[in-house]
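There is one chain below, alone, in structure tokens, taken in the form predicted on its own.
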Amino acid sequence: MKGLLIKDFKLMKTQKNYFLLILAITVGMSAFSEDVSFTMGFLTFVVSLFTISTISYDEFDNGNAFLFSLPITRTSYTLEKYALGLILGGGALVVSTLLILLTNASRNIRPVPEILLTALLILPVVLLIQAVMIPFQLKFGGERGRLAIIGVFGLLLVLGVVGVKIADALHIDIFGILEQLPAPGMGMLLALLFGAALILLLLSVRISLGIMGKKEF
């Protein structure tokens, strides 16, 4: 797996200009925007997408046929993509949190505990992103995989909007309830979200292993 990670990081090194551009945008947002969650989510989601780009590179010009002639297994290849996704997503979340904490020291737009809580709430989303993206990309590959991923996240967005609208119609203030939760209650909510995301990620790993086991190169 170490060799595969090195390969993917060398592939991403050719895209360093994109990383620098994304980082510059994030720095600008952290310096001028007061929306902490959007800044964290932007960097985390965009950087996580680079996991998909490595799968596309592997598939380009029948590259997988050569790759699997090397002493690697389909299982190690699949697990490496999840490890890469967690490294990229988790690293991006840490970087964005540090940037916001640094800018917050001078601007004082949010209490530090609120910033850290936002980062913890985004962490399960990182797991969910990987759980959705990787099996779709392995199954459909290339353009069809990206379209399938967009469709899934579009559906999740619609369901989220519908849920908020229903809550508004029933006069339920979801965000107000979350803000009023005591520390133990918020801790339990975070544990439940993280546990659910972890279960979905493990299920995703199993699905991806099945997909890779049936693929022909």
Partner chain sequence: MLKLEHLQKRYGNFALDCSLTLPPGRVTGLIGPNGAGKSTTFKAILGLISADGGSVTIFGKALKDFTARDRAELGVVLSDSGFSGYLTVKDVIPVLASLYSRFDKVFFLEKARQFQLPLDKKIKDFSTGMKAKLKVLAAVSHDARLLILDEPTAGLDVLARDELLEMLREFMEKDEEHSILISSHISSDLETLCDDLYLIHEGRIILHEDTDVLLDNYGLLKASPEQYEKLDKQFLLRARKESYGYSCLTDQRQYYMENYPALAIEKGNIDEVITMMIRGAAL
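Note that the coordinates shown come from a computational prediction; the quantities given were computed from them, not determined experimentally. Numbering follows the first chain given and starts at 1.
There is another form of the same protein, the form predicted in complex with the partner chain; it is not shown, and what comes next is about it.
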Self-check item: Distance check, residue 63 to the partner chain in the model of the complex, heavy atom within 4.5 Å
Solution: yes
Quiz item: Taking heavy atoms and a 4.5 Å cut-off, does residue 16 contact the partner chain in the model of the complex?
Solution: no
Self-check item: Contact of residue 74 with the partner chain in the model of the complex (heavy atom, 4.5 Å)
Solution: yes
Quiz item: Taking heavy atoms only, is residue 200 within 4.5 angstroms of the partner chain in the model of the complex?
Solution: no
Exercise. Can you check 202 to 210, 8 to 16, 189 to 197, 21 to 29 and let me know which stretch has heavy atoms within 4.5 Å of the partner chain in the model of the complex?
Key: 8 to 16
